[in-house]
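Just one chain follows, in the form predicted on its own, and it is written as structure tokens.
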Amino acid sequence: MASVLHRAHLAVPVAFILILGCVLPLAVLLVFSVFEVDLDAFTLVPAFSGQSWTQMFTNPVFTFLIGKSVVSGAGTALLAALIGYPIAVSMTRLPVLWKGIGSIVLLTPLYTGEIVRIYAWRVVLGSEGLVNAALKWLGVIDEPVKFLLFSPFTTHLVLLYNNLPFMVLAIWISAELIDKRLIEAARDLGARPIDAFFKVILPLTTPGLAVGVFTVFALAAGDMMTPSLLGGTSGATPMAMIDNLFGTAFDWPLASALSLSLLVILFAFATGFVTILLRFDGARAVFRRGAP
């Protein structure tokens, strides 16, 4: 009992920070969402008005942008899982020294700012960039490939590049915690490598996969700079709309309603993904092992 109370006390500072940093701003947004804007005086008028919420639910543009954000986040998370999983499992088999080197290489892109990475990709994928120059030199193309820049392809390529380390790290940590004797026991009982993977490794790494999916989905769906700077005419996002409403348009009530709607929908989808993953037997076994 004393141990349980001790662990509960450790969560108090985190809960306090979450309340201050997350819940209170959301409460402020909720209050702003029922305000009205007096454009003559250029100020917000406290009022219990549902005008911004009505506009939020009746304007198809907002529904389209939020749906686009969900699809973009889900697609990026799926691709990151497919690419990152074999990388993470392979890293568990490296010697300790190479694991350290591998983690440094994996995290190196994150040491630079997002804006630097975006402009680096523009140099690589531009009409006169490295990719088009190489394809021309090889005789594959005569004219620069246009879809390499300012297209949905570019946006999701860079979103995948930016967020792949978070998926790999989450799965890697989960894979490192697997008791290797379980894999050896499966092999001793006649399981082929593919059977040992699907019956031991994959179920026991499900918690890490769930964390990776949750993280990459949230980061990709909520990204604004990458679609805006690399997506061209397809780069409109709900985050850019929120930025415009809070800034140039001075429509804080509508911006608040859109922000809260986006948050609720993204959280619902992310929770659904993770809940499905955590229903696997392996995930429940991992959490039971960690229970007191």
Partner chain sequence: MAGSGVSRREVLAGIAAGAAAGMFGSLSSAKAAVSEMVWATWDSNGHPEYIAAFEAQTGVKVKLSYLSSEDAQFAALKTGTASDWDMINPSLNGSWRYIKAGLLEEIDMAKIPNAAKMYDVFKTTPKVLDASGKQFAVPYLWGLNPIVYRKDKFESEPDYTTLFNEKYKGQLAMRDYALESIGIAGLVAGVPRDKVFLMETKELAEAKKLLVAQKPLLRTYWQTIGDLTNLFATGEVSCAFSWRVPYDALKDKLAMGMAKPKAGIMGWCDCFAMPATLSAEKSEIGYKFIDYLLGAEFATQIAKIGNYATTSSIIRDELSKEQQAAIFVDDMDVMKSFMWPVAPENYSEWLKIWNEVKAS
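Positions refer to the first chain, counted from 1. Worth saying up front: this structure is predicted, and the values here are computed from it rather than measured.
The protein also exists as the form predicted together with the partner chain; that form is not presented, and the subsequent description refers to it.
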Have a look at Tyr119, Trp98, Tyr161, Phe153 for me and say which one sits with a heavy atom within 4.5 Å of the partner chain in the predicted bound form. Tyr119
Consider the chain as shown here, without its partner, and state which of Gly50, Gly247, Gly67, Pro46 has a heavy atom within 4.5 Å of the partner chain in the predicted bound form. Gly247
Residue-level contact is defined here as any heavy atom of the residue lying within 4.5 Å of the partner chain in the predicted bound form; does Thr63 satisfy this criterion? no
Although the partner isn't part of this model, could you tell me whether Gly102 comes within 4.5 Å of the partner chain in the predicted bound form, counting any heavy atom of the residue? no
Tell me, yes or no, whether Thr58 is in contact with the partner chain in the predicted bound form, where a contact means a heavy atom of each within 4.5 Å. no
So in the predicted bound form, does any heavy atom of Arg192 sit within 4.5 Å of the partner chain? no
Specify the contacting stretch among 210-218, 142-150, 106-114, 84-92, defined as having any heavy atom within 4.5 Å of the partner chain in the predicted bound form. 142-150
Please state whether all three residues Leu24, Val264 and Thr271 have a non-hydrogen atom within 4.5 angstroms of the partner chain in the predicted bound form. no
Taking the partner chain as it sits in the predicted bound form, which residues of 126-142 have a non-hydrogen atom within 4.5 Å of it? Please list them. Gly126, Ser127, Glu128
